[in-house]
Every structure is written in structure tokens, then in C-alpha cells.
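Only one chain is given next, in C-alpha cells, and it is the form predicted alone.
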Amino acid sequence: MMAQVLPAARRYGIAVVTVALFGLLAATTDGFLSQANFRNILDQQSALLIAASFATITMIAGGFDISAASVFVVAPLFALQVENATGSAGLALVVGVAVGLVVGVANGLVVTALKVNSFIATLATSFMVFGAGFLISDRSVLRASTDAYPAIARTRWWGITTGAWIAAGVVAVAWILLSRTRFGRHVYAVGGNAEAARLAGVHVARVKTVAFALAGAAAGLAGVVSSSRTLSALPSDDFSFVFGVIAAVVVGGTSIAGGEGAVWRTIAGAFFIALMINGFNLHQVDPIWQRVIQGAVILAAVSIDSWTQRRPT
């Protein structure tokens, strides 16, 4: 009986606890069920959902991408330089995604061709990308020069911002790519056992490189969407964004060892954390205690993953 319960709990547990948290907040928190609150949560989570959906694929493939933070910060700096020079928001969006794609491809090649550990490789490229951001921006805040750039994420369709609609589209693409394509099956195979996948005819290096490339492009898009919401971009060396991305992926149940996970789990993990923070804010919980509890939740998720990995099948 226990052998049947554990896999089910591992697969659907995050969905159950997210629904339970939603119900608890709905019953105990004034203002939680308002449309304005839900729209605010969706809008605030849009950039994270974009990056986390493809970061999930990278982690399932056995990679660990820290550079999402630097791409998130720097891609909009390049995008706004282009927007300021040309007045084209569309071109700026393309450039922002392209910056992330280039960084992602570079990460994939370093990991697969040079055999550098993915954590170390992407940490190193992060510092390089952060440095490029300071150089291209001349260490100053960049702002949009037209109304078209803010419209990328701030326009409303049926009451929902375009940033949230973009996030929904990206999540759908990542979900289908991972669960319904040959590439997705190869991602699971590579993350589960790279040598066995190679012997079965899977091009392991190509799969990993594509996974890093897609994650980089998604982080670039997330950065542009975020800067469109805030109307500006600032050079920094802040890693906080990637911590949020990793938290969503890990809390969602994707294994840090690779080979197991799903995009829907990451979305559930992201909304579990978002609902938790929203509840804290509505109840005016001290931000220091919020950090302590968030850290405990992430530690619990990683511990559960490690424990289930050690259990015999």
C-alpha cells in the first residue's frame, strides 16, 4: 500500500497542498478572493513563470542554470538600447530574447564540450553577463522612449495583462514540448541516465545544449516582460531572480538529480509560493519571518526529493 501511496503523493502532492492553501486563504483572509488580488498575483508571477517553465526542462535534463538571473537583468538593457535607438518595441523584444539565446547556447557548449559542471559554468557566465550589462548601460538606468515598449506587458485583454498572457503561452509551449515531443522524451532519458541514453542513440550533448538555449531565451523574454512592467531596466549583479525560479522548480517536485519533473509541477510550485507570500502580505506578517518560512519550505522540498531518491523502487 505504501509503495502505491508514495509515488502518487510525490506526483500530485504539490497540486494538493496548493489547492489546500488556496482554500485556507479564501476562508481566513479578507480581500484574498478579490479579482484585483488574483490579477495582481498573475501579473507579478508572469516573468518568473516564463523563466521557470524552461528552467524545468534544463533541470530534468540534468543541468543547473544559475545564469537566468544575469540574463533576466541584462537582456532588457540590450533591448532598451535598441528601443531607444530605433523606436521599435518589436525589435527590442527580439533582441532581448536573442541575448538570452546566445548566453544559453554558450552555457550548453561549455557544459557539453568542455565538460564543466553546469553550476560552475553558469555561475561563471553569470558574472560575464552581469559585467556586459554594466558596460552597455554605462552603469545607468535605462528607460523606454516610446509607449510601445510598456505595452508589451502592461496592455490588458479581458482584464489580464499581456505579460500574464505571454507567460501562459510560454508555459503552454514548454509543457507541450516536454510532455508531447521526442525532444521531451530525450530530456527525461538524458537526465535519468545520460550514458544509457547515449547508448540508445540519443544525442546527449545536443539535447542538453538545446535545453540551456531554450532556458536562456526564456530568461531573456522574462527580463523584457519585467522591464516593460516597471518601465525601466537597471544594471546589477543581483541573483535573487534565479533563486525564485529554482524555488518554484524544486518546490514543484522536479528532481535536482535530473530525470524527473514536469512543467505543471513547476507552475503549481510557483503559485504555492506566490499564494503563501500573498497570504503573508495580507496578514501583515513580518518580512523577516516570511524569509524564514520560505527557506524552510524549500529545504523541506529538497529533503523530500533526496529521501525519495534514496528509497528502493
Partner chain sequence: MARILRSRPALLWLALIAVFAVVAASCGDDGDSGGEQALEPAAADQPAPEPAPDEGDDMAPAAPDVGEEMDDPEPAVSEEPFQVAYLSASSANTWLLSSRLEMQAVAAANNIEITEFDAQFDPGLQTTQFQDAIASGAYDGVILVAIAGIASAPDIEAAIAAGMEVVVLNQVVGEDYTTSEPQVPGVSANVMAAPFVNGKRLGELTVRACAELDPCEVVYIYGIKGLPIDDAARAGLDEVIAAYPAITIVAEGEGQYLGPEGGINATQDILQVAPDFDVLVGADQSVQGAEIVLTDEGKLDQVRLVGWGGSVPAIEGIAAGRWFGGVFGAPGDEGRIAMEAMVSALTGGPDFGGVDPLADLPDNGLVTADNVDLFTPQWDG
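Numbering follows the first chain given and starts at 1. Here, rigid core means the biggest group of C-alpha atoms that superpose within 1.5 Å across both forms. Quick caveat, the model's predicted, so the values are computed rather than measured.
What follows is about the form predicted in complex with its partner chain, which we do not show.
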For its partner chain in the predicted bound form, the stretch among 39-47, 243-251, 262-270, 54-62 with residues bearing a heavy atom within 4.5 Å is 39-47
Which of Thr181, Ser232, Asn117, Thr86 has a heavy atom within 4.5 Å of its partner chain in the predicted bound form? Ser232
Note: exactly one of Ala205, Val141, Ile160, Ala168 sits with a heavy atom within 4.5 Å of its partner chain in the predicted bound form, namely Val141
I have Arg154, Gln284 and Arg291 flagged as a candidate spot, so tell me whether each of them has a non-hydrogen atom within 4.5 Å of its partner chain in the predicted bound form. yes
Residue contact check: Asn278 to its partner chain in the predicted bound form, 4.5 Å heavy atom: yes
Does any heavy atom of Ser226 come within 4.5 Å of a heavy atom of its partner chain in the predicted bound form? yes
I'd like to check something about Asn193: if you look in the predicted bound form, is any of its heavy atoms closer than or equal to 4.5 Å to a heavy atom of its partner chain? no
With heavy atoms only and a cut-off of 4.5 Å, decide whether Thr146 touches its partner chain in the predicted bound form. no
Superpose the two forms on their rigid core, then report whether the C-alpha of Thr18 is displaced by 2 angstroms or more between the shown form and the other one. no
